[in-house]
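Two forms, one chain: they're shown below as structure tokens, one block per form, named structure 1 and structure 2.
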Structure 1
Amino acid sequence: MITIDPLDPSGPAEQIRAQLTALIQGGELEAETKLPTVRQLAGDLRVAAGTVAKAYKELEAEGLVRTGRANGTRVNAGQVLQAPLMNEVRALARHAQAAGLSLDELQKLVAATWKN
């Protein structure tokens, strides 16, 4: 499900946040899905619990998840991107990979065209 690349300059917390965001918005994690506990995911990924807690806190600030003591961390409803948009995103990713672009290069291209 989630992996950590030790060579990725974004760091583990950002990698966790970004991957969970993609899973939620892509519909792979449906509304009300319970995420692993901070300790469980930290152990699975071999990172500090604070790293996972930071990622979860950022997801909560973005409105993608909510955290409650008794219910744990769950995916909020209404966070899945519409299917046509997700299809376009997947196609863009495939084309970029086929062209030999890295994720960083693709992100820079998207950012450069965002305001145009």
Structure 2
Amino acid sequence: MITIDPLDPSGPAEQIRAQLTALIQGGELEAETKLPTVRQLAGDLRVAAGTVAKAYKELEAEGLVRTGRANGTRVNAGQVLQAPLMNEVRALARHAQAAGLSLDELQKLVAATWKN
């Protein structure tokens, strides 16, 4: 499941791309998993079809998914991040939850650290 926040400055296309990337690299969306059609996802998220199409195109450019005329959009194999990094991400999420941080707060902390 992905969620769009209209108040997020990054915009809906970037939010869709980022969340799908995280789900693919985290292994939650396995290889060959079929993604919803552009029209379905756009309808569910109340965004324009072009917004979802843009996100899918960027994912395709990154090699995370492929789009075939008959097969729809599917997750490519071999896109899961290496296990040690994923373990560290999971540990970070666990620690943040234990500390009572929300996802937003954790993301802001990571963004601040990233800039340094």
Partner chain sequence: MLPQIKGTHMINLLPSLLVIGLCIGILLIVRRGVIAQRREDLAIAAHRGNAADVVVAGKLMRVMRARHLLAIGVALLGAFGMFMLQGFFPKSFGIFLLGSPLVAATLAMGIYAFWKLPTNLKADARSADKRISAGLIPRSTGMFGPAWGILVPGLFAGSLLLGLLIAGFFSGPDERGLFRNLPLTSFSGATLDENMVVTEISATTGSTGPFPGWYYGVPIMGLLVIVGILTLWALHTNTRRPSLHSAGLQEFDTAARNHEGYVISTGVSMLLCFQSVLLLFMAAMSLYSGAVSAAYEIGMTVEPGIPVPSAVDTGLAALSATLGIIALLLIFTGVALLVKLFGWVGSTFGSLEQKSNESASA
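Worth saying up front: this structure is predicted, and the values here are computed from it rather than measured. FYI, numbering is relative to structure 1, first residue = 1. Basically, rigid core = biggest C-alpha set you can superpose within 1.5 Å across the two forms.
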Open item on the list: Two copies of the same chain, shown separately. Which of them is the form predicted alone?
Closed with: 1
- [ ] Answer yes if the CA of residue 91 moves 2 Å or more between structures 1 and 2 after aligning the rigid core, and no otherwise.
- [x] yes
Open item on the list: Rigid core superposed, CA of residue 101 - does it shift 2 Å or more between structures 1 and 2?
Closed with: yes
Task: Following rigid core superposition, Cα shift of residue 110 between structures 1 and 2 in Å - done: 6.2
